[in-house]
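Before any questions on binding or motion, here is one chain by itself as structure tokens, the form predicted on its own.
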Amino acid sequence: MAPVIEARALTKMYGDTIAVDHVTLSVEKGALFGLLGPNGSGKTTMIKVLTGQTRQSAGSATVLGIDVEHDPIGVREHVGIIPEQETPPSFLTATEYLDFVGAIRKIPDVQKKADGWFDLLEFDDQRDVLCKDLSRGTRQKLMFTQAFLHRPSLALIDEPLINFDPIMQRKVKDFLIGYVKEGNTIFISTHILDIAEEICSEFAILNRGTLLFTGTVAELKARDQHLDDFFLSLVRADRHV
């Protein structure tokens, strides 16, 4: 079976700055895959390239078998995406925004599905509030909802829990774990290592745009290593190269 995500020597440059440097990795169906790295390591750029939001400078990538360079709209039609910055349209209410997403994605019974998410993420009392007036945490709940409203087989999420309180973090983590158990795939980028160690099955470490390591959390546990110690040792060594 072909990987759900496959990148081959993927490179993204902004002028003379290399944001992603010849990264090769693959993600299999059913993984909860964590792309880990310090701030500025290239994680957000990687997700933008994989979702066709920005074009790579070199290399290639496929997502669900779709070439991200040649058919970026096709990729975005099939996956769920939660960007680093939550940006629902300021002039719509939460309900209006989800109705809009439902219309674009041709989701049947979108209001019923939205009701379930308002209940799950506990923001039913905010459904008729303009997005510009929502708190950061509630905007993130709304962006989380739009990403999963059509039940995608693959979701790519940039810092999924950063604006949630501990109670909501627990609920969202449980949802992600359960979603993967149903046969779906989740790709998250984060610099919060405790979260990655808790929920991810596989991970990759990115630093200064370069892929330092790929492996599984189970392999670390078998060696009696913690992800944060392993991560710091690799990144610190790379910075002294």
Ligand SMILES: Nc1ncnc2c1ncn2[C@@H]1O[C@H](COP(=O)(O)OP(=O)(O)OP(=O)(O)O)[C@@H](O)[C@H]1O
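None of these values were measured; they are calculated from a predicted model. Note that residue numbering begins at 1 and tracks the sequence as displayed.
The form predicted in complex with the ligand is left out here; the points below concern that form.
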Among 180-188, 196-204, 40-48, 65-73, the stretch whose residues bring a heavy atom within 4.5 Å of the ligand in the predicted bound form is 40-48
In the predicted bound form, the residue from D99, E77, E84, D124 with a non-hydrogen atom within 4.5 Å of the ligand is E84
> Is there a heavy atom of V217 no more than 4.5 Å from a heavy atom of the ligand in the predicted bound form?
Replying inline: no
T17: heavy atom within 4.5 Å of the ligand in the predicted bound form? yes
